[in-house]
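Here's a solo chain for you in structure tokens, the form predicted alone.
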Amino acid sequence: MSTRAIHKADAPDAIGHYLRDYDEARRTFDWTAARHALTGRTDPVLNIAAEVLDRPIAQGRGTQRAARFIDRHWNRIDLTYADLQRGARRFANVLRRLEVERGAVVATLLGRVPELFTVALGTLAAGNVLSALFSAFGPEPLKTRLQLGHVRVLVTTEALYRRKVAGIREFLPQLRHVLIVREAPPRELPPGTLDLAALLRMAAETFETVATGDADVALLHFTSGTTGKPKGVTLPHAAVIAQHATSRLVLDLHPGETYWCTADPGWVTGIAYGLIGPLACGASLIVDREEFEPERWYRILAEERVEVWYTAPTAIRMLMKAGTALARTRQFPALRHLASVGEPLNAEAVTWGVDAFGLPFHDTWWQTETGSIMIANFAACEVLPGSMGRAIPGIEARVVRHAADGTLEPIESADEVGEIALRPAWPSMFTSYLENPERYAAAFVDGWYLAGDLARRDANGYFWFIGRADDVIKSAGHLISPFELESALMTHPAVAQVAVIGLPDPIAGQAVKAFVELRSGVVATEDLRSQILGHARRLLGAAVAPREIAFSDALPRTRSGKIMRRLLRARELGLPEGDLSTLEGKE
């Protein structure tokens, strides 16, 4: 596979990039200065809603388009920053009228609709905690999250309420109010619910944003667990400092630019970089209300003149699967920066961006727990395809090993694998695992946060992803990275996506099995299986290459696009499948 560095000379003119000299930015960056760049102040009084609405409007952005929503029929709804502020203030007053106490959790069960922005920003303005839930969840995962979050208010549609919430409401005594977003002509609401539109009409547009502090909880996100309950991750209002800084330094997002983040609002990316970060930068958001469809996405990129695009590796690979020729049916003259998030980005996907758009995709790495991007490839710096990039300014990141005395030792060799460790505390760092202080404490060792991801770091500071600590395969004395194997298999022209797991082997300890999803129009045959195995052995060597290849019509993925290797492993071994609440297509 090609790992040729893509230099900034290959990209558009670097004039205007927020980060032009990486080493200089590392030397001079300071989180206090980043706070001042956002708020104009250094005091610890901070509210996300004030920074993404009140401040931009005070700076004269009230009439600027903040978001454009596009439905399946290509109807467009535009909202200005002032529109968002009026809606948020009305919803904050709704919460006051309902006597929802400050700090209580308000959850949304909505798609990419304008009301989501109204509720999210109004919740934050009122000093309440926002928990955006994925609208595809079924009743059981919803019940678990609503119970764990002690949710007081739920905002959802009538259809979603009837299908998913009505049957579990008796198990949710703390859920005091359900507010309905009407999607059809008015009719009688379900019993025990209220009409959101009617409440907003009656609410005043004047509201003083609550003066929350840095450490006050603003966001509650849920991450899937391998077994048992999901983890509730809390992020503070100070997260906006890091989300604003990284939207500029990593996404290179400038005021007034047209920006599209394809992440669903039910995931942390959809809130951090689909709402908070870009609005704090004064950007204009594109919000597609529909699901992935290649021709639709290309039309949006072209017709909306998207300048900065943040999407997922799975989506990129699905576009690759549809063929480069489809991308070339349209022109994208405004597009200047492409970035990726959610899972490791294969080198082929990075360089495919150059073939399809004239631009490479820039990988970024972070977690729900970190609250913002930690490691990235930057717009004005060279990209090493397959690399996660380098630590952002203000973040100390290392690859470490566990010493016998319980401390952590830094790994200096570029060839040695270790765990990614981050030095606390950056502004968006999570403040708890909800109701699980023991698990939270266990995430910190010897003064470092341990991410649970394995990587190596080269002499220039670029990190190279190996896998989750529990995904790495040990076979015949070899430590094998699933991601590296998958990347190698992806270079075969017939392969669209791959998942690799290790299975017990009496001699080698573990044997590698690959599950392969083929490109559109390619037929699975025994001859093709042999070709792909031979390709892998030529690239990787017989000791590391998969022993077995299975063809799959659709690999199991989470709704955010991550391939669920643990589910493949469990099915192969006949083990319990664990938490499936985030499985794509699962309700």
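For every residue, the number given is its place in the sequence shown, counted from 1. Predicted model only: the values in this text are computed from it and were never measured.
We do not show the form predicted together with a small molecule, though everything after this point is about it.
The three marked residues, 342, 364 and 367, each reach the small molecule in the model of the complex, with a heavy atom inside 4.5 Å.
Only one segment in the set 113 to 121, 242 to 250, 210 to 218, 263 to 271 has any non-hydrogen atom within 4.5 angstroms of the small molecule in the model of the complex, and it is 263 to 271. Mapping the unseen interface onto this chain, residue 468 counts among the residues with a heavy atom inside 4.5 Å of the small molecule in the model of the complex. Interface residue remark: residue 488 is not counted as part of the site for the small molecule in the model of the complex, having no heavy atom within 4.5 Å. Although the partner is absent from this view, residue 453 contacts the small molecule in the model of the complex, with a non-hydrogen atom inside 4.5 angstroms. Heavy atoms of residue 147 never reach within 4.5 Å of the small molecule in the model of the complex, leaving it off the interface.
Here is the short version: of 223, 80, 431, 436, the single residue with a heavy atom within 4.5 Å of the small molecule in the model of the complex is 223. When you look in the model of the complex, the only residue of 308, 175, 287, 388 with a non-hydrogen atom within 4.5 Å of the small molecule is 388.
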